[in-house]
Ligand SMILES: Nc1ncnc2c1ncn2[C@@H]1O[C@H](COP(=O)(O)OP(=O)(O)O)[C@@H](O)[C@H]1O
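Next up: a single chain in structure tokens, the form predicted alone.
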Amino acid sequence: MSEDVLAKVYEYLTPGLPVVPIAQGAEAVVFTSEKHPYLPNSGKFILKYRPPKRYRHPSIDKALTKHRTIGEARLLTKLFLIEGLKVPKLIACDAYNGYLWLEFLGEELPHGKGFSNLKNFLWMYATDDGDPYCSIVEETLKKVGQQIGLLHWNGYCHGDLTSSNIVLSRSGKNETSWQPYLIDFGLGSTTDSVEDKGVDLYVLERAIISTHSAHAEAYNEWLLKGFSEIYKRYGDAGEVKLKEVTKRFQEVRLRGRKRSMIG
């Protein structure tokens, strides 16, 4: 993470406000903070910042940053209102400067296995005498599939649906029950395109295969089972749409395999 980016963030924030950088992507840098400048003593937060791009003209860069930050904020606000769908709560938005304050989700996994995204969660059960096919893993993956089903059924797509962009939190006092949340909607969109939905499913399938190849067949089967359950709730109309999405998913998968073979 460049010193320039860190300097801009520290300059922007209230003096003395602690932030810790945790991730950097192509579009944004992500920090955690134990404080919010206007919400004292209210928990932990995520600060997402879109830094300026030097290769773009400053006026174009500001316009794009504003547009994309507003777009993500609006999308999160709409998603948060969908019954049953779990996404971060939007706390504040400074679109002109490219900042989003979000609810912090997730926790540290037991036995030092890292942060509770889906990738680390699956690794935890696949190592150190764990059972990668236990009922906890199966039920959690079905819940993940249900979250994706709710997202798609309501006319939205994620755009970057990897196992790192799915965060788990334990449900209440039950240490073996995990609730998945979908995070990072920087590439999210409002769409009913079966192509976009098929791509969402394919991206997650490839993420599971690349990091958990030995167990990927069962994992992806459980994900699709949870996904299908949401569509089947809506009777014949849901069954028709489910067939459309799964058919397109198979087509996207086939195209992906052909590209892998050709190179």
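We number the residues from 1 along the sequence you see. Rigid core here is just the name for the largest C-alpha set that superposes within 1.5 Å across the two forms. In this text the structure is predicted, and so the values were computed from the model without any measurement.
Just so it is clear, the following notes concern the form predicted together with the named molecule, a form of the same protein that is not shown.
Among L105, A95, V137, L90, the residue placing a heavy atom within 4.5 Å of the named molecule in the model of the complex is L105. Here is the short version: of S189, S193, S164, Q179, the single residue with a heavy atom within 4.5 Å of the named molecule in the model of the complex is S164.
Partner contact region in the model of the complex: 164 to 172, out of 77 to 85, 149 to 157, 129 to 137, 164 to 172, criterion any non-hydrogen atom within 4.5 Å of the named molecule. Not displayed here, the named molecule is approached by A23 to within 4.5 Å at the level of heavy atoms in the model of the complex.
None of the heavy atoms of A207 is located within 4.5 Å of the named molecule in the model of the complex. Among residues of the shown chain, I230 is not one whose heavy atoms approach the named molecule to within 4.5 Å in the model of the complex. Put simply, H212 is far from the named molecule in the model of the complex: not one heavy atom of it is within 4.5 Å.
Applying a 4.5 Å heavy atom cutoff to the named molecule in the model of the complex picks out I183, D184 from 178 to 201, in order along the sequence. Annotation for P51: C-alpha shift of 2 angstroms or more between this form and the one not shown, rigid core superposed. After superposing the rigid core, the C-alpha of Q24 moves by 2 Å or more between this form and the one not shown.
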